[in-house]
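Just one chain follows, in the form predicted on its own, and it is written as structure tokens.
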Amino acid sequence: MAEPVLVVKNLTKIYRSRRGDIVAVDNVSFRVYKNEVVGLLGPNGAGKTTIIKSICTILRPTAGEIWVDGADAIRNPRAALEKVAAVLEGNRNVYWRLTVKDNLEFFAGLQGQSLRSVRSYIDELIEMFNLKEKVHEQARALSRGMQQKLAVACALVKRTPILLLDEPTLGLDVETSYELRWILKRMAERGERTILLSSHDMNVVQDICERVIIINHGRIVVDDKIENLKRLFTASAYRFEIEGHFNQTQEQKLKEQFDLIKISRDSSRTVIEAELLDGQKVYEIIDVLKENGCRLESVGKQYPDLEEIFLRIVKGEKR
């Protein structure tokens, strides 16, 4: 097993106030390995941004350890900052009065890189992010999408081994979101960076991440590969199509006996979606439907996408 480049161990962050303590992050531990691309998911207020800000030393945790490529981020934040670059809350890490090129040169210089050594890489980033026509424009004159792309490019120009992205596609139009997703996917495929990505855009996460960590109420509820989660939920998710409609008694009986996800109707049929961890339950549902005089048109596996899986996990429907 390769050595992890990012280690978060027993991380806790408590915000204290006169109204009482708020536990934002509650004893979180995880590891990210070299060139791995990991999605950090969770509902609003789950603790994702607090974790990312703790890793890049903006916030000091109440307890726990953070190691960034061997550097202790709590005891030696300066050493840790040399190893990590971040895009936080969209496009806020660029300087509005600097041009596109000046921003890239400035952030490279902050990392101690000479202009001569980084010039060709800056040209490559300008080409990659389609910023060539805007290279001499001030950041404040760019569109939101261009600003967002510049923010990611400024994080990349530092050439740190670890990249933290907090909602990189937030507020972007569809075209720019696809473009940025393609860039990140290409980086992931090349193994150019270790990336921890927080996003509400499940398409972005599903496209570029191999693994997801799902946070809820400040705690990790899932840490697994996306493909494993898809297999798990596909194995237990079933769809039954019934001719006609249920009466209230039939529906109540089904709900009492089985963990149904939902029952929906159109003009001529009823659709039942069920989460069945025990495969034998499929036959039990069919038997109950027959006993109640229901005519079964079809039964089959459901193939949920990452968004559906995330919602079920967060709602506690999968234990």
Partner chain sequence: MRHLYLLKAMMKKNFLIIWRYPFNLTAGIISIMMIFLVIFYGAQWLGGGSPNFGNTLEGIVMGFMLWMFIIFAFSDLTWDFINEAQQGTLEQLYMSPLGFGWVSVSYILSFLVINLTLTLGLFMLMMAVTGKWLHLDFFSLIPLMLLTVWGVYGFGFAMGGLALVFKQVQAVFQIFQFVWVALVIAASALETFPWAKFLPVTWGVHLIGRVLIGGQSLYSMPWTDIAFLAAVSGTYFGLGYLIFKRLEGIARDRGLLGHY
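All figures in this text were calculated on a predicted structure; none of them were measured in a lab. Residue numbers count along the first chain shown, from 1. In this text, the rigid core denotes the largest set of C-alpha atoms whose superposition between the two forms falls within 1.5 Å.
Omitted here: the form predicted together with its partner chain. The next part is about that form.
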Heavy atom contact within 4.5 Å of its partner chain in the predicted bound form, the stretch among 200-208, 245-253, 132-140, 171-179: 132-140
Contact residue in the predicted bound form, chosen from A237, I214, L88, L163 - any heavy atom within 4.5 Å of its partner chain: L88
Heavy atom within 4.5 Å of its partner chain in the predicted bound form - the one residue of R186, R231, K225, R78 that qualifies: R78
N35, heavy atom within 4.5 angstroms of its partner chain in the predicted bound form: no
Contact test in the predicted bound form: V94 vs its partner chain, heavy atoms, 4.5 Å: yes
Proximity of G145 to its partner chain in the predicted bound form, heavy atoms at 4.5 Å: no
4.5 angstroms heavy atom contact with its partner chain in the predicted bound form for G191: no
Contacts with its partner chain in the predicted bound form, stretch 105-142 (heavy atom within 4.5 Å): E105, F106, F107, G109, L110, Q111, G112, Q113, S114, Q138, R140
S114: Cα shift of 2 Å or greater between the shown form and the other one (core-aligned): yes
